[in-house]
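One chain comes next, on its own, written as C-alpha cells: the form predicted on its own.
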C-alpha cells in the first residue's frame, strides 16, 4: 500500500516535468527573439533616413536594404515556428507580440515609401515570413497596431519633409492617413490597447492637417495653391 508521501510525489512529479519543459521552451523563445530583435533595430535605423533630407535614391536604397535584412527576420520566425507546440500560439505569443507589431510597422513603412499604398495583412505576413507557418501566424491586432504606429511616423515625416523643402510629400501623407483614419472608423474596436492607440490617430491626423494648412496659406504647395479645398479652412480639431 502506498504511503501518503509517495502518493503526493507521484502526483506532483509530472507537474514539475511540465513546468521544466515550459521553461525550456520560453528560454528558447527568448534566444530566438534576440535574433529577431537585432535586424528589427537595424531596419529601424536604416529607415530613419526619411527624417534626414533624403532624395529618391536614398529612399530606394534604404527600402532595398531593409527588405534584405527582413530575410533575417524570416529566418527567426521560422526557428520560432519550429519550437512552438501545436495549438499553443496564445500561450507564448506575449514573447513576440511587441516585436511583431514593430516589424509590421516597418514593413508598412517600406511599402508606403515604395508605392504610397497601405500594406495588406497578407503582404505584411509574407514580408515577416509568418504567412505559411504551422504554429505561428500574424494576429490581426498586431497588424493593426503596426499600421497605427506607421501613422505616427508619417506625421513626423510630413513635418520633417517641409523642413528640407519637400512640400508635396505632406499632401500625399495627409490623403493617405485620412483614408486610413476613415478605414479604422469602420471598425467597432473592443480591445482596450488597440482602441486607445486608435484614439491617438486623431492627433496624427491633426498634426498633418496643420502642416498642409500652413503650406496652403503660404502658397508653397502647387496642389494647395491651385485651389485645394483644404486651403480655405482651419485644420480639423
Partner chain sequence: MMFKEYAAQLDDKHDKYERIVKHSRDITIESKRIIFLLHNSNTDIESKRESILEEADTRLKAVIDINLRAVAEELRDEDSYQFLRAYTNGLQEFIEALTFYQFIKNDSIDNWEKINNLLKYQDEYGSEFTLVFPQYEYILGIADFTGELMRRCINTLGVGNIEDCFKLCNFVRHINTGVLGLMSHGSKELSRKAYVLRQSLEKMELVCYNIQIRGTEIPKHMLLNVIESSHVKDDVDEGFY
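All values derive from a computational prediction rather than experimental measurement. Positions refer to the first chain, counted from 1.
If you look for the form predicted in complex with the partner chain, you will not find it shown, but the lines that follow are about it.
Asks: Name the stretch, out of 180-188, 167-175, 56-64, 31-39, where some heavy atom lies within 4.5 Å of the partner chain in the model of the complex.
Replies: Going through the listed ranges, the match is 180-188.
Asks: Could you work out which of 75, 82, 120, 131 is the residue within 4.5 angstroms of the partner chain in the model of the complex, going by heavy atoms?
Replies: Comparing distances to the partner chain in the model of the complex, the residue within 4.5 Å is 120.
Asks: Quick one: in the model of the complex, does every one of 88, 143 and 147 get a heavy atom within 4.5 Å of the partner chain?
Replies: Verified in the model of the complex; spot residues all in contact, yes.
Asks: Taking the partner chain as it sits in the model of the complex, is residue 24 in contact with it (heavy atom to heavy atom, 4.5 Å or less)?
Replies: Residue 24: no, not in contact with the partner chain in the model of the complex.
Asks: My question is simply whether residue 153 lines the interface with the partner chain in the model of the complex - judged by any non-hydrogen atom within 4.5 Å.
Replies: Result no; residue 153 lies far from the partner chain in the model of the complex.
Asks: Does residue 126 make contact with the partner chain in the model of the complex, using a 4.5 Å heavy atom cut-off?
Replies: Output for residue 126 is no: heavy atoms all beyond 4.5 Å of the partner chain.
Asks: In sequence order, which positions of 16-36 have a non-hydrogen atom within 4.5 Å of the partner chain in the model of the complex?
Replies: Going through 16-36 in order - heavy atoms within 4.5 Å of the partner chain in the model of the complex - the hits are 16, 18, 19, 22, 23.
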